[in-house]
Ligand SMILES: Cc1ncc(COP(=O)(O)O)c(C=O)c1O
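So this first bit is one chain, no partners, the form predicted on its own, shown in C-alpha cells.
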C-alpha cells in the first residue's frame, strides 16, 4: 500500500534520464556480468589498460580471459580472426573520445562488448552490448546502464542506496578531502555486490540532471585545455564536437612531480590504473600511460578560471 502523508523525503526533481531505454542495474561491473551470463561466453579478451574491477565479474562467472595491447591511438593490437564462437572481445572507449575506435572494433570482432564507463554520452550502436557507469560523470552513489538484446532468466532484486551518501552530502557541506575516506569506503562497498536493479533513489537522481549543461561544460573545458596544452601533450587527440569527454588526458614525460604539484594545489588528478603496472612490462605503452598520463578534471563543476589555474601549473 502506498504511503500518504508523513515527513518529506529528500527533494529531487522529476525529469528524464539520458539512457531512458537501457536496462538499469546497480553497478558497471554487474552490467558487465549480466552480459557474460546472458550470452554464455567462455572466454573474454580484455585490454591490459583497464581497471582491475573488470576481473570481478569474469572470476564470478568462472571464465577464461586474456589481455591484449593497444597502440598510441588506443586502437587494439589484436588478431580478430582468431576469435571463436563463445569468445568475446571487450573494448574501452577511453576518456569518452574514441568513438571511431569503437566503430572500427565492432566491425572487426565476432562478438564484442563496449565498455562506455568513461563515455556516458556515447550512443550505443545497434545490436552491440554496451554498458555505462554514470557515477564517473555525476554525483550519484552507484548505478549502471546496459544495452543488450539478451536477458537472464531470473528476477532481479532492486538495490538500496540510502546508506551510500555520506561522501556526496559531505562534500556539499564541507571540503572534499574531509570525506575522501568515505568515498573510498563506498568504492570498496560496491565491490562484489550481487547483481541487482538500480536503486530507486539513484534512478530519481539520474532523472533530475541537466545533461545538456553538463555536456556543454565538459566540451568547453576540454577544448580550452587542448588549445593551451596540445603542443606539449604527447597524445594525438582529435577534437570532435560530438564527443563528451570524461577528463582531459595529458600525457607527458616524468609526470610524477607534476601530479604532485597539482594535488598539492588541491587539483585532484586520478591515475588510470595502478594495477596495470603489475600486468605489463616497463617498455609497454600501457605502463607508460599509468606512469605519465594526467587525467585533468573538466566536468560541469568548473569554469574557465579553474582551467586557467590548471594550465598555469602545467606550463610553469
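Positions refer to the first chain, counted from 1. None of these values were measured; they are calculated from a predicted model.
Another form exists, predicted together with the named molecule; not displayed. Remarks below refer to it.
Can residue 117 be called a contact residue for the named molecule in the predicted complex at 4.5 Å between heavy atoms? The answer is yes: residue 117 has a heavy atom within 4.5 Å of the named molecule.
Just to confirm, residue 249 within 4.5 Å of the named molecule in the predicted complex by heavy atoms? Close contact is absent here: in the predicted complex, residue 249 is far from the named molecule, nothing within 4.5 Å, heavy atoms only.
Although the named molecule is absent from this view, report whether residue 273 comes within 4.5 Å of it in the predicted complex, heavy atoms only. Yes.
State yes or no: in the predicted complex, is some non-hydrogen atom of residue 255 no more than 4.5 angstroms from a non-hydrogen atom of the named molecule? Outside the cut-off, so no.
Is the named molecule close enough to 28, 51 and 92 in the predicted complex that each of the three has a heavy atom within 4.5 Å of it? Each of the three qualifies.
Quick check for you: of 276-284, 61-69, 255-263, 43-51, which stretch puts a non-hydrogen atom within 4.5 Å of the named molecule in the predicted complex? The contacting stretch is 43-51.
Though the named molecule is not shown, can you say which of 133, 221, 202, 130 has a heavy atom within 4.5 Å of it in the predicted complex? After the contact test, the surviving option is 133.
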